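Here's a solo chain for you in structure tokens, the form predicted alone.
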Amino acid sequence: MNDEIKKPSLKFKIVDIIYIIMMVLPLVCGMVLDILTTPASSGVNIAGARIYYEIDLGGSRFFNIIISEAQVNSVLVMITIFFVFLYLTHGLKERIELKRQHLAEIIVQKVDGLVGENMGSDFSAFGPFIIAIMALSAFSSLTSLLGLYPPTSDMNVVAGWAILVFMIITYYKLKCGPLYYLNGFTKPVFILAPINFISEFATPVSMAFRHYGNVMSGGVISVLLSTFLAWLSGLVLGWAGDYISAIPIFQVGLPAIFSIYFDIFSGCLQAFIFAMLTMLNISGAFDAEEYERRKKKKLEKKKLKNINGGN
């Protein structure tokens, strides 16, 4: 048996190049679209996502379908992530021959370990879902480094993620039966039912606002710091004339240093926190003991029914 590692074929390299192009192309398209649609402005400009198109449904404007900058960038990020994963998993073999396969296996092992530690063996299949949430959130926040509007700075996008997580939480609560789910609102005492009902729907609201608030505040602070540094440059160099004072010397390097925290560290941290809250809320919603008890009871009834039917 030949143990030498074979060199990638020309076809393999061509597919790799296509994947790399498709990773970069959506973000480039987003940058071009942002340049073409951004109006000229001066001074501090802190605003929400621009609306590209609005579909009029003929009724109230409240029910119109809006295509915003955040939604478009979110789709572009998902396309990028899709081809990143295709690139990482291209050419997987039992024996590791590519560095990307080693990286892919490390990512899978770390996420599976995180899921197993926080959710238990009953949720071992949740690894792909958790890594998808983390990647989508992190990549969305990091698009600000390219000058794009980060989808995580739009409440509508983050709220959609939180609602999806809430639906999964409710699904696992209902696995023990509707009556068991409704009875949970009366614990520990019946008088707390209204508070428990409110707290049930407070979960997605708190997840959405926490993620949105931290990312959006970081972007606002970055803009304000950059504007302050430009003003400070003009103040310090004011004695040198209009031409020299217009040079923003304090904006060289310092915004990049602040960006390391507000755009990179904070964005990745919020992605991790959102994924952790997702894991804890979903696993905490599922009563494994009650589910097994109900499952065992159903099997006993089925066996008894078969015995009586046989007689």
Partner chain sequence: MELAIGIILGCCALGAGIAMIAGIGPGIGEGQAVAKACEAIGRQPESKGAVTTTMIMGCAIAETTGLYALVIAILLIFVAPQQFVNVLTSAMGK
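Numbering follows the first chain given and starts at 1. Quantities reported herein were computed from a predicted structural model and do not represent experimental measurements.
From this point on, the text means the form predicted together with its partner chain, which you will not see here.
Shown without its partner, this chain lists Leu280, Ile66, Leu33, Ile264 as candidates; in the predicted bound form, only Leu280 has a non-hydrogen atom within 4.5 angstroms of its partner chain. This chain lacks the partner; the member of Leu229, Ile131, Val165, Met216 within 4.5 angstroms of its partner chain in the predicted bound form by a non-hydrogen atom is Met216. Per the 4.5 Å heavy atom criterion, its partner chain in the predicted bound form is contacted by stretch 271 to 279, the sole one of 271 to 279, 25 to 33, 66 to 74, 49 to 57. Looking at Arg210, you'd find a heavy atom of it within 4.5 angstroms of its partner chain in the predicted bound form.
In the predicted bound form, its partner chain lies within 4.5 Å of some heavy atom of Ser206.
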